[in-house]
Ligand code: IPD
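Heads up, the chain below is alone and in the form predicted alone; it's given as structure tokens.
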Amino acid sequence: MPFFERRIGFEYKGDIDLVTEADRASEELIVSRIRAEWPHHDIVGEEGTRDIHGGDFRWYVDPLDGTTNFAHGYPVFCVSMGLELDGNLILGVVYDPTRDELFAAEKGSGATLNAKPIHVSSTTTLAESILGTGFPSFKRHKNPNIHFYHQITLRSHGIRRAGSAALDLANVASGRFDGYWEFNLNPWDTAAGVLLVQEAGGTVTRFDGSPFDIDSKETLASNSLIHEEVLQNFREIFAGRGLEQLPPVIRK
């Protein structure tokens, strides 16, 4: 938060993708703590940490999910950490420092927000649902999600694009969103949030309904109750059937 309050500068690591001093400092701190406690655990961090030597445990660390928001002074960002054991997610933590909200989940033990149990929403239809989604901060012209955003926003109660995949998944787990989808996420984006959703009673799959895995490039999470309806809409969109057209722009 001191970094955020100082409105530190940032630099680009791709066409538009950026990194701040806070990203690096956060990852260095997290990695040093993990290494001190569990020196034989593998670690994969967004900002370059690749400490992989074939251990049974593997951490996925996103030291600042929502960097673009952070760099522009928009207070929607978090720290996300997920832990795998033999390829299975067993622990997830998402911390939102602006609201002092700590989401946590342990395999088989449910999910919590600030130590209180959370559960997915009870909304049963897409038309009554609010969902989240996301767009890449670079190469947006190569991402098909604008087509899905257009169609789903007309078939739901609304779509939100907050800019932090981990927080979006946490919002599904806590019932603030009824669903969430995004293309081309990385393991450090999803590891913690996916377990949060699952332990809160939700469902996470690929866009065709097949099982989600940590390397999936399609992430669809829901409260379980609307999942099949969302999948059916995705099938229609992929097939180009029943699509709503954009209205004409008329200037008076």
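Each residue number is its position in the shown sequence, starting from 1. Source: prediction; values computed, not measured.
As for the form predicted together with the named molecule, it is not shown, yet the points below apply to it.
Residue-level contacts in the predicted complex: of Ser129, Asn171, Ser121, Ser164, one residue has a heavy atom within 4.5 Å of the named molecule, and it is Ser164. Shown without its partner, this chain lists Ile43, Ile214, Ile30, Leu185 as candidates; in the predicted complex, only Leu185 has a non-hydrogen atom within 4.5 angstroms of the named molecule. The named molecule in the predicted complex is approached by Pro136, whose closest heavy atom lies within 4.5 angstroms of it. The named molecule in the predicted complex comes within 4.5 Å of a heavy atom belonging to Gly66. At a distance threshold of 4.5 angstroms between non-hydrogen atoms, Glu199 is out of contact with the named molecule in the predicted complex. Look at 191-199, 216-224, 35-43, 58-66: in the predicted complex, residues with non-hydrogen atoms within 4.5 angstroms of the named molecule sit in 58-66.
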